[in-house]
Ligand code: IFG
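First comes one chain, alone, set out as C-alpha cells in the form predicted alone.
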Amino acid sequence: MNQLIPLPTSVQPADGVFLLTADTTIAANPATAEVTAIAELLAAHLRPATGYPLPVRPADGPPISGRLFSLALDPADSSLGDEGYTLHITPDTVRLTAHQPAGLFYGGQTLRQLLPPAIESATPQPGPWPLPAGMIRDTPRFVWRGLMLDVARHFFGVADVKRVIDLAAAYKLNRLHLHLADDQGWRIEIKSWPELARVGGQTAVTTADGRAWPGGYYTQADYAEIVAYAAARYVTVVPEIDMPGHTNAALAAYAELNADDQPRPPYTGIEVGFSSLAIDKEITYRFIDDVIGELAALTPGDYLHIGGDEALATDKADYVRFIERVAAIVAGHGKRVVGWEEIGQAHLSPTAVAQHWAPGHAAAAAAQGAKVILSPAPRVYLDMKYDEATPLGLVWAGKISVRTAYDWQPETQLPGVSEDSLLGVEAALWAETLTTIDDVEFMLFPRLPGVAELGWSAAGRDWEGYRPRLAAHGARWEAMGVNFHRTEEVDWE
C-alpha cells in the first residue's frame, strides 16, 4: 500500500492478502445501472491480464459462492462527499464503499494500483494476483483536477482522446479541458457555421522540420462520443473556444468576422497575439451565440471555456466589453464561464472561473468572488521540455522536470488568492511540437501523476516520499504500453 498515487488520506495496513482468483465475483450494491456500470468497468480492466471471468452480480441476488469483491454505496457516510471512498481488504473479502458512485470509480482505480503491475497487460499473465490487506479512507482535496489537451495546434482523433481520458482517470483526474479552436485550426463541427470545420479545420502547425501536418475536426457525433466516454469514467469535458484572440482559423473561414470583411489566410506558425474577432460588429456576437449554443447543447457539464488569453490585438476597453458580453451569452445557455486569468480585468459573476497561467489577473478575479484554477506555466505546462536533451517541447516557460511539476504548494502559489478561492489544479499540454499519441504520452508521463496528486492529496506530501512511489509505476506503464520518459530523477524499478 506504499506505492499509491495520488497519496490517500489514510492508509492502515494489516496482515495477510486477498488473492484474486478465477472464482472471484464482483457484487454491485445497489445493482443500479450506474453502480453496475462501474463494476463492469473494473471487471473489464482486470479480465484481460487475469483471464478470469469476474462476473458482476447484484448483491441482493442469489447467494454468491467463491471470493467476493463488493462495491456498495453507503448513503449514511456523507463525510466521504461526492468522490471519496473507503476500501477494506481482508484475506477473505474486498469491500469498496462510497457515498456517491464517483467514489466507487475512484476506489476502483486504487484497487488497480494495489495489484501487481502486470494487471495492466492486455494479454493473460501468469499471476498470482494478491491484494494487500488493510483499510484505506480517501477523499480529494480539490473538486477540479484537470488536464488540458490542445487539439487545435495539432489534431488528435477520437481514439487518441479516449486514450488520454483513460490515463488521466487512472490517476483520479476529473476534468478534460479540450482546446478546440485557435489560430491554426478549428476542431469542432458547428452546423450553423459549417465553414469553421470545413475551412478552419484543415490546417495545423507546420512541424519544425518543415512538414505540413494534416488538420481534422470532430463531428458533433464524435464529440458526443468523447463526452460520453469521459462521463463513464467520471471525467467532465470542458470545451474551449478561445476568443477574441487566437481566432485566425475562424477568421479564415468567415470574412465577416473580420473588421475589414476580408478573410485571413490560413496560419500554420506558432506566434500568438495577432488575431482578433471584430469586437464592434453584431455578427460577431451572433456567431458566438450560435457556437456557444451548439456546444452547450452537446456538453452536459456545467462549464464552458472562452479562452480570453493573449488578446494582444484588442485594446483593453474593447477586451473588457467583449468578455462581459460573451460571459452573459455563456450564462444564457446555462453554463458557468471559464477563461484564462486575463478575464479578471472584466466584471465577473461569482460563478465565473479564472484559470491562472502567468501572474497578472487571477487575484482580481478572486477579489470579485470568482474561483481560480491553478495552471502555473513554469510548473504544469507539460509541453515544456523536461531538460535540454528532451526532443519535444518548448522552453518559453522554462524546463519542467518531474520534481518541478510536483514540488510546489497550491495554497501559497498566488499572492492575493487564498485557498478558499481555489477550485483546483490543471495540467496543460499544448501541441505546437506534438503530433502523435506517443508524443502526448511522453510529455505527460511521468509528470502528470504528480499534478494529479497535487489536486487530490492533502497538504503534507513531499518529493522524497513521492519519488519511490513514482518509481514503482514504471513497470505499470510498461504493461499499459505508455511511452513514458525515463528521467534520471527517478530510480525506476
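All of these numbers come straight from a predicted model, not from anything done at the bench. Position 1 is the first residue in the sequence shown; the rest follow in order.
Below: the form predicted in complex with the named molecule, not depicted.
Review point. With the cut-off set at 4.5 Å between non-hydrogen atoms, does Leu115 touch the named molecule in the model of the complex?
Key: No, Leu115 stays farther than 4.5 Å from the named molecule in the model of the complex.
Practice item. With heavy atoms only and a cut-off of 4.5 Å, decide whether Ala221 touches the named molecule in the model of the complex. Key: Result no; Ala221 lies far from the named molecule in the model of the complex.
Check your understanding: Closest heavy atom of Arg187 to the named molecule in the model of the complex, within 4.5 Å or not?
Key -> Because no heavy atom of Arg187 falls inside 4.5 Å of the named molecule in the model of the complex, the answer is no.
Review point. Is Glu432 close enough to touch the named molecule in the model of the complex, meaning at least one heavy atom pair within 4.5 Å?
Key: Because a heavy atom of Glu432 falls inside 4.5 Å of the named molecule in the model of the complex, the answer is yes.
Check your understanding: Out of Val272, Ala317, Ala328, Ala228, which one falls within 4.5 Å of the named molecule in the model of the complex, going by heavy atoms?
Key -> The residue from Val272, Ala317, Ala328, Ala228 that makes the contact is Val272.
Review point. Among Ala250, Met384, Ala98, Leu173, which has at least one heavy atom within 4.5 Å of the named molecule in the model of the complex?
Key: In short, Met384.
Practice item. Name the stretch: of 330 to 338, 306 to 314, 196 to 204, 280 to 288, exactly one has residues whose heavy atoms fall within 4.5 Å of the named molecule in the model of the complex. Key: Only one stretch qualifies here: 306 to 314.
Review point. Are there residues in 149 to 168 with a heavy atom within 4.5 Å of the named molecule in the model of the complex, and which are they, in order?
Key: Read in sequence order, the lone residue that approaches the named molecule (within 4.5 Å, in the model of the complex) is Arg153.
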